[in-house]
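Given next, in structure tokens, is a single chain: the form predicted alone.
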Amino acid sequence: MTGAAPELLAAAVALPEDRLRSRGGHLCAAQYDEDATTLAAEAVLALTEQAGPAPAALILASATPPYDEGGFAQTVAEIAGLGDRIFAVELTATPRDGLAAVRLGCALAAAGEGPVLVCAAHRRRAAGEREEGDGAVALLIGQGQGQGLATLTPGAARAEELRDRWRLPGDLVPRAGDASFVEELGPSRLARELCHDAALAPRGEGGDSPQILIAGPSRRAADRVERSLGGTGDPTAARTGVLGAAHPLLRLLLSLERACLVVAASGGLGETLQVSPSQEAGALARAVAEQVAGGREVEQVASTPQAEGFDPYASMPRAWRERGQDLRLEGVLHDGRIHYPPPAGLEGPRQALPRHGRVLTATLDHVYPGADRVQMAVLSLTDGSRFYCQVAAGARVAIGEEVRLVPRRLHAGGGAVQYFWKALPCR
């Protein structure tokens, strides 16, 4: 069946535990071994662990991808075990792209292309970005036949040549347009015009005015526009920071207890989405609110370790051959147990290791290049397998503690980012 209204079938959020104090409250602060790829992968893994059909497509959005060219959707697809025949695409222009990804996902789902996995992720690139936080949101969109969490209806959109924030090749810190010009003609104006266009469109059943949610690169400007249109402002940003392309999706999930109109505007691009939640959607909104309210307050996060001459060997052919082992944790199932890493010549079906276990022993490595010290641990996974790995940056584990394996950066030796799995306490 095609043409049915697309629905939100499931969702998951990945937020770093550390909350860094900022001028406007707190920011979700990722560690140096996290980036948009690992954050997106964690959100996607949390989503795919829920019961439901396998997605037919993956749409990623991030204004801060780890590669300026070459893509990161393929890495997320590998880590999440989505299969090598999935259609994958990514949007990497502006924070508005998170909502644009939902529009594309709705179009594919309405055309009967199967469930579509939409994920938006953000990782600050400079410590001076005071309003930005780190995190990712994943949504599964499909034809729920009225049984989904919410009906999603893309609405008005805009595109015009107006740059409020941009990066040229080689820029580490984004450039910004004149503040008064941007304030008068930038995202604030676009958001108002988009809300006006949406008000002229049919509202569907009930006809009640939805709650207005504005997401833009400037928290203060977005708040002001939202309040002027009858909204409540954005309380989320005071706890997480503005999560780039993921922020409109996070606000969508937090507002699932009533109908809402989500508006995202940045870089001369604007997007709207009408959301009509079901009665069951409130439980998801409350669960996400608990994640937002959680975390631990810190004064600072560890800086990226440096080591003179530290340039580990990297081989793209090796990375391709061993991608199942490195990214999907696949071993060979033989004689009733998983052999990992797979011994040469051992025959048997490939099977992924479980991603939960307990710490058998742990020690500090003071000579690992590129860091002052790294904690290493031997884990007993839930199937009895043993796994030796680093502990995620910023975390420490104790013998007997329950842990989970999470995707993290190892290094960028050889000019490519190397990802693997590290242990993180289940707290």
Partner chain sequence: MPIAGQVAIIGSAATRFGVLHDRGYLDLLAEAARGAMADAGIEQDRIEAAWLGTAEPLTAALLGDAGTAVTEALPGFAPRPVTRVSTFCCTGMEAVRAAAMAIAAGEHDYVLAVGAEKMRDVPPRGSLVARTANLTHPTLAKGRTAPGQFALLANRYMHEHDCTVEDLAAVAVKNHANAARNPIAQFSDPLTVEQVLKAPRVAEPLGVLDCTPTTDGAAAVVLTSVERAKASGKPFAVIEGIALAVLDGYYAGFYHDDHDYLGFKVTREAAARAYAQAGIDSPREQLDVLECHDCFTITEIINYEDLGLCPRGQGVELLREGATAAAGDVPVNLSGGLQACGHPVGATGVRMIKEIADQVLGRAGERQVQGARRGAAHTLGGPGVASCVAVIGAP
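Positions refer to the first chain, counted from 1. Worth saying up front: this structure is predicted, and the values here are computed from it rather than measured.
Missing here is the form predicted together with the partner chain; even so, the following discussion is about that form.
Contact with the partner chain in the predicted complex, defined as any heavy atom within 4.5 Å, is confined among 36-44, 22-30, 355-363, 58-66 to 355-363. Contact annotation for the candidate site: Phe72, Arg167 and Val173 all lie away from the partner chain in the predicted complex (no heavy atom within 4.5 Å). Contact with the partner chain in the predicted complex, judged by any heavy atom within 4.5 Å, is made by just one of His196, Arg350, Arg318, Arg296: Arg318. Between the options Thr153, Thr92, Gln211, Gln325, the residue in contact with the partner chain in the predicted complex by a heavy atom within 4.5 angstroms is Gln325.
In the predicted complex, the partner chain lies within 4.5 Å of some heavy atom of Phe310. Contact between Thr48 and the partner chain in the predicted complex is not found at the 4.5 Å heavy atom cutoff. Under a 4.5 angstroms non-hydrogen atom cutoff, the partner chain in the predicted complex lacks Ala416 among its neighbouring residues.
The partner chain is not shown here, but in the predicted complex it comes within 4.5 Å of a heavy atom of Arg337. In the predicted complex, the residues of 396-424 lying within 4.5 Å of the partner chain by at least one heavy atom are, in order, Ile399, Leu410, His411, Gln418, Tyr419, Phe420.
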